[in-house]
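First comes one chain, alone, set out as structure tokens in the form predicted alone.
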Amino acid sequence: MSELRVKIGEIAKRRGFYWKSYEIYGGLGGFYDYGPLGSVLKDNIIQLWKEHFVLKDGLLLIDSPNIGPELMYKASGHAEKFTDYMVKCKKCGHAFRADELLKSCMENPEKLDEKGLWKAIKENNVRCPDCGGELGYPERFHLMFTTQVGLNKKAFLRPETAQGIFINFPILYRLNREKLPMGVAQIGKGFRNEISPRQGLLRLREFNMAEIEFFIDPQADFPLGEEENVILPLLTREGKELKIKAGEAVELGILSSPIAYFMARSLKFLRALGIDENKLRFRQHFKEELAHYSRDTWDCEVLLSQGWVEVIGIADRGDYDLKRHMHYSGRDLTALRRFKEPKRIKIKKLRAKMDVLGPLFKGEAKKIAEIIDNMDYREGDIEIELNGKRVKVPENAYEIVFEEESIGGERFIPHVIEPSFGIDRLIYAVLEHSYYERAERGYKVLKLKPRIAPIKAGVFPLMSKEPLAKVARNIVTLLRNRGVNCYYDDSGSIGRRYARADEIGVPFCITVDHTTLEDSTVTIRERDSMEQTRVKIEELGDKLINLIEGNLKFEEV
């Protein structure tokens, strides 16, 4: 484990960001609790995500159940194909994800099948990380948690939030006035029975997701707009590293327009979180690595102390999901492609032959003729229902004719682009990328962006005596009433209080001193520059809010 990861973990637990769940019972791998600071940091990141995508892109937001019926996951392919390769140690019996053990030996072992993994394990002499024992042959391990609804109905905990969106497509399409493109977002829990989750927040069995399913007409243009000139750092499956404008990548056929658009939007979001753009790339999946539903996938990876880690996946799911759910449910999940002008088309129709039907069906012939005339074209003998009975009509009792019709549109299955965000991984990436130590004393600092920092301000009386303490407590009340999350601290020297605030990422500290009693001004200290300025108490709320929202720079205060 890297030194930086150890430091982040120590701060996270000691200061209340996150820690392992169920510790008093020995813990449970792959589960973490968020503490007081971590819970707020998570909420702030999700809120920024909502503003950045749901609000700005005009997405629909839904909330569907965590548990889904078995048939739905048979339709989606997860019940059969949602697996990883596992290897077990022959000595201690511990299980590991095969490709994870090979990451230190080779690039992108995810593309290997069981034979390739076994060959790589042998060639690189990979042994059990826990005891050094010999590893067994890779085998598939299903990642979904099963459960039971009622007495005997099998169900699964969802491994992604996507299926809850797909099965609601007809309702959402109607609510969107039957217009495409249509984006639908969902934020919630996902559950995967990971083989060996030993990477903190980076690999959990219960995790937080924010996903978008963006439904498009594959025949329609998809303009990039202002995202056209965003520079994207790409790593193609052929191994080419590029820094290229989104628009140019589309022109060269490297990216489709929808994927390029969401890459650009994602990059801007990560920039707002404080992720270092020099440690960010979009890596294209190898064909062997693609999920069963994907036509093309690019992972947004962030360079952390343990290497490149996926934090966002952007997948072209094509029409896979809607087509499968149509087949399994029997429901119509199509959209209407409206023509600019009606089209005249020739269609095959069935026309009854009364001279044949009459002798065959006597008094029922007229009713049967009406049913045939309103049927869709088909070949061979026809079976119809008449008076509660199935009646077989021979092929010679009708003829096929061609008629012209004017149509205003046609039905089609929309394609889907899916940007999927791992909130827990983003939290860890933000903490690592924001961590530094002051050169002069080695104090630990989290350089969290004010928008996502759990606590926006600390309020400190110079001394814990009255009337300074009373003024400071009044300021805390004033700021909280304005929606600014702040806290009061009068313990220890001002320097120590600043250091404690810096360690949890508080961007601004307010000091109440003797001058405050004379002119109703306080000192604001900015965390990273450590610069200070005085502000009137009556202006404090407005200035802090503008600083937090990025509408005001500290040097302008």
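Position 1 is the first residue in the sequence shown; the rest follow in order. None of these values were measured; they are calculated from a predicted model.
Beyond the structure shown, there is the form predicted in complex with another copy of the chain, which is absent from this document and is the topic of what follows.
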> Considering W118, F222, F82, Y328, which brings a non-hydrogen atom within 4.5 Å of another copy of the chain in the model of the complex?
Replying inline: Y328
> So which of S406, N481, N396, N278 gets a non-hydrogen atom within 4.5 Å of another copy of the chain in the model of the complex?
Replying inline: N481
>> Residue-level contact is defined here as any heavy atom of the residue lying within 4.5 Å of another copy of the chain in the model of the complex; does N124 satisfy this criterion?
In response: no
> Looking in the model of the complex, any heavy atom of N485 within 4.5 Å of another copy of the chain?
Replying inline: yes
> Hey, in the model of the complex, does Y32 get a heavy atom within 4.5 angstroms of another copy of the chain?
Replying inline: yes
> Using 4.5 Å between non-hydrogen atoms, is I345 touching another copy of the chain in the model of the complex?
Replying inline: no
> Just one stretch in 254-262, 170-178, 289-297, 350-358 has heavy atoms within 4.5 Å of another copy of the chain in the model of the complex, so which one is it?
Replying inline: 170-178
> Across 13-44, which residues bring a heavy atom to within 4.5 Å of another copy of the chain in the model of the complex?
Replying inline: K13, R14, R15, G16, W19, S21, Y22, E23, I24, Y25, L28, F31, Y32, D33, Y34, G35, P36, S39, V40, K42, D43
